[in-house]
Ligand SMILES: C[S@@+](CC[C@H](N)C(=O)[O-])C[C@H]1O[C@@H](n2cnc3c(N)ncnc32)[C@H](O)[C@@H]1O
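First, one chain by itself in structure tokens, the form predicted alone.
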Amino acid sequence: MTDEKQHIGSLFDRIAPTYDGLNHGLSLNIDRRWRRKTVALMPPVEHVLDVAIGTADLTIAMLRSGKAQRVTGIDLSREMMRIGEEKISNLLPSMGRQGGAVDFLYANAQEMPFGDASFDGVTCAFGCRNFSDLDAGLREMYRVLRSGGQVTILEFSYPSNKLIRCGYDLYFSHVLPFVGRLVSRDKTAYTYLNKSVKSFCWGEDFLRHLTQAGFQDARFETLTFGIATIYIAKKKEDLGLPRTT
């Protein structure tokens, strides 16, 4: 594993205890609505791969909505997944379900340990910009997705409106890093967030990466003035491709 991958994992390990509280608080719970909207755009399927599952917020939204019966989640942060596992174990009994609905696996999104066409759907929330190689990660998503399956990605983006962008820059460059450092006591994590969002592609540029990875019918929907974006694309239907479990 490269130093860059280890850095991402250790960064999120450090902020894991305060991650959920900061995300929900600093976004005024808008991030919860973003995830619900993302799940609403998914077709109901049996088995979903949640890339960069983290503390499992998107997975929980999928289970609650009935859009996925089983989820396998991968991440480079063991501490984020530990918190996610605790949340899932508390959730399932309230849904009348037992364990086995969610599997957590320490794995790299750019080198997934799964066979071709292993999953009915693939999701990723706020993880793609952390890939050291975006195209490699998208190609892996395409490979493990069954033919005709949908990839659904929620990611931060950069507002196009100049007035909104000004407020966005002020918040992400000063307010968020200050509060993030104060609460998480990590000097770099929330500065990294700001830099990673600004340097990442969004909109039509991201669609081009999806198309280059092999996906079809790629489209996007912006959320909250363009602060976040949902990307949806399909893998070409191939009736002759066997599914690997």
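Start at 1 and count along the sequence shown; that's the residue number. Just so it is clear, the model here is predicted, and its values are computed rather than measured.
Below: the form predicted together with this ligand, not depicted.
This ligand is not drawn, but in the model of the complex it has no heavy atom within 4.5 Å of T229.
Residue contact check for A52: one or more of its heavy atoms lie within 4.5 Å of this ligand in the model of the complex.
Among residues of the shown chain, R35 is one whose heavy atoms approach this ligand to within 4.5 Å in the model of the complex. Contact between M95 and this ligand in the model of the complex is not found at the 4.5 Å heavy atom cutoff.
With the partner left out here, this ligand still marks one of 145-153, 113-121, 129-137, 163-171 in the model of the complex; by a 4.5 Å heavy atom cut-off that stretch is 129-137. Checked against this ligand in the model of the complex, the candidates M141, I88, V71, A125 yield a single residue with a heavy atom inside 4.5 Å, and that residue is A125. Although this ligand is not shown here, in the model of the complex the stretch 77-92 places heavy atoms of S77, M80 within 4.5 Å of it, in sequence order.
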